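Quick setup: one chain, the form predicted on its own, written in C-alpha cells, and binding and motion questions come after.
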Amino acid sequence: MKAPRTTPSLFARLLALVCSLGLVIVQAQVALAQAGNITVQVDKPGASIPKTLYGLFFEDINFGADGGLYPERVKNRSFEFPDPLMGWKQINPGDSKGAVYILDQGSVKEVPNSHYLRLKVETPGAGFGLVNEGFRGIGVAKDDEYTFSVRARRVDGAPAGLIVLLEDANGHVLGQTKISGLTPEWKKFTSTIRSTGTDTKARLSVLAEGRGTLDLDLISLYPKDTWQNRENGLRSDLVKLLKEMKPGFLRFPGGCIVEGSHLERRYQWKTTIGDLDDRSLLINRWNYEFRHRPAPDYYQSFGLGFYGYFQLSEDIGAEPLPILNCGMACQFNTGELVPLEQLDHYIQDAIDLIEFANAPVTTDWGRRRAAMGHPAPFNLKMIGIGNEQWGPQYVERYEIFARVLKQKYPNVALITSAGPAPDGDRFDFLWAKMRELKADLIDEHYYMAPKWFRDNAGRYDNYPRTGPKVFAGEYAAQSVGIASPDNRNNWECALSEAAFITGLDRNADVVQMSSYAPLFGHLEAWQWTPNMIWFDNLRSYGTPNYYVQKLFSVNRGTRILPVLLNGSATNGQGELFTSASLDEESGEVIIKVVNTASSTKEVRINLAGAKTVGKNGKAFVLESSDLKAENSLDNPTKVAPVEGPLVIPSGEFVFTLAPQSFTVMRIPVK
C-alpha cells in the first residue's frame, strides 16, 4: 500500500505547528524561570518574633497633639502664648463697646498659668467679647455635643454672665449656651452645646452680657465623643486607626522635641501630669524649625501629657516607650550640653519616671499615678536615653545613665542612639561604643529615597546575632528629599518600604522594634512630609504607607520561618522580596511577597516540611498600577488591602502576583 502523498502546503503547516508548540514550551519554561521559586521551611521554625517588632512613633509635630490627637477646640485657651491673644480676636457686635486686658496677677493659678483675660464692658449692646479661631478652624459635626467650660469671676458692675456662640465659617449660629451666676470668686462653669451643622472652619464667640467687668481663664470647647468617652480624652478616629494596627509599642513624646533646640525648651515629663491648670506651656520647636513652613501659633499645652501617653499605650495594647532628654539639646540646633557633674537632675527624672509607671501606690510616685486614676502599675519595660544624639559627648552621658539605671532597674531595657543617619562615621562610632557598653537596643534612623529601601532589603541579613539589638526607630521613604515640603505619601514610597520591611521580618532575631515616622500630619498645619496618617479638623485617613505597616503588624507571626528565593536566602532578587513566619496561635504559615515589577509574576511556592496543608487560606493584596497613587480624605482607601480566599491545592502551588503589589498569604498548616 502506498503512503499518502503530503503536499508542500500541508507539510509547511505541520512544520509551523510543531515549531509553534516548541515555542510555547520554551516560553513557559522561560516564564517559570523568570517568576521565581519561594521555598518556606515550615518544619524549621527559627527565633521567636517579638511582639514589639512593629510599633508606633509619636511626636508632637504637624499639630499631632494640640489640634490633632488631643481634641481641644480652643487654641490658647488660657492666654499663655507669648502673644496672649493669639488665636483670639476682639468683636463688637452691634453697638457694644468695651476693652480687653491681659493680666498676670490674681489668676486661678499664680504659677505656672498666671495670665487671664479681663473684659470691661461699657456699652453691652448685643454683647462684647472675643472669638477664637481654633486650630485652622474649629471642627464640629452635626448633632455632636461639645462641653464648654470656663473659669470666671465678676469684678465690678452687674454683668449677667456670658453668651457663648458656636458659629460656622459664614457666621451662622450652630449652637449656643449661656453662663450665669458669676461671683467675685473664681469658679468653674460648664455647659453643653449641640451643633446643628457640620463645619471644619467653625469659630467660638464668648460675649459678656451686661455692663461691668469680669475675668475669664481656661476657656475650653471639648467634644464629648472621645476615645472611650473619657473626659479630656483623645480623638476617637485617630486612636481607632492606631488600635487597628495592633502595634507592639508606642514611642513618645518624640523625636526632636525631647531634646529641644535649647535645653530650657526640652520636654520635661513632670510638667505634663496632674491638673491641667498646673501644666506649663512650652513653645514647640517645630514652631520655628523650618522657614519654608513656619508655625508661629505652635505651642504645647500638654493637655496630652505622659499619663495620657501611658493610658493610650494600654488602650491600644502597646508597650509604652518614653524617651528622655540625656542632658543634650538638639545637635542640629545649639547642641547645648549639661556638664557631667550636673547630670544628676536628668537621671533623677528617669528614676522618677520609672517609679511613676511601676511603683506601688504606697510610694510617692505610685500615689500620684493612682490619684490620676490608675492604681495598677503601667509595667514599663523600656526607656530611651536621648533621641538622635551622636559623638563622644553622647556616649559619656549615656554611660552615666546606664550605670545608675541598670543597677537600680536591671530589668528595664535602655535604648540608645545610632545618630541621625543609617551609615557613616557617626553611625560606626556609636555602634562600636554601644557594643562595648553592652547596650540593649540601638536606634537606627533612615529617611532615604525609595530606591534606597529596595536596595537595602538585606541590610540586616549579616548583622551580628549577638550583642545589642536593633530598633529601626524612624524611617520613611522620601519621594523628593529629606524634609522636602514636596514629599508625597505615594504608592512607590509605600511599596519600597514594604520591600525593605521584609528584611526586618526575616531578621526579627536582630531587629526587635521598628516604627514609621512621623505618625500624624494636619493637612493645613504640617511642617514635615511624608506622614503615616493625615487628618483635618474632623476626618482622617491612612496613607498607603499606613496600610503597609498595618499588614506587617497584624500578620506578624510568632516564629521566623527560613525562606529561600530561587534557592538562595538572599532577599530582594530582581524585583521580588519575601519573608515568612509561623503563627503558632492560629496554626498558619504567613508568607509576605512584594513584587515591585510593573508586570504580573507567577511564583511557585513550596511549603517544605509541612505534614498537612489546609485547602482554604486567605490572601491580602495591596496594589496599584499607579506608583504616584495616594489616598485622601475623599478617597481614603484608594490604595488599601483587598482580602480574598486562597485555595491551596497542595503543599506546592503557583500564585500570581499582581504588578507593583504587596501580598500577604495566610495558610493553615500542621
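All figures in this text were calculated on a predicted structure; none of them were measured in a lab. Numbering starts at 1 and follows the sequence shown.
This protein has a second form, the form predicted together with a small molecule, left out of what is shown; the following refers to that one.
The stretch from 611-619, 630-638, 36-44, 56-64 that comes within 4.5 Å of the small molecule in the model of the complex, counting heavy atoms only, is 56-64. Shown alone here, residue 417 lies farther than 4.5 Å from the small molecule in the model of the complex, counting heavy atoms only.
Put simply, residue 447 is close to the small molecule in the model of the complex: some heavy atom of it is within 4.5 Å.
Proximity of residue 474 to the small molecule in the model of the complex: non-hydrogen atoms within 4.5 Å are present.
Not displayed here, the small molecule is kept clear of residue 199 by more than 4.5 Å at the level of heavy atoms in the model of the complex. With the partner omitted from this view, the residue of 233, 134, 518, 320 that lies near the small molecule in the model of the complex is 518 [heavy atom within 4.5 Å]. Only one of the listed residues (356, 310, 535, 528) places a non-hydrogen atom within 4.5 angstroms of the small molecule in the model of the complex, and that residue is 528.
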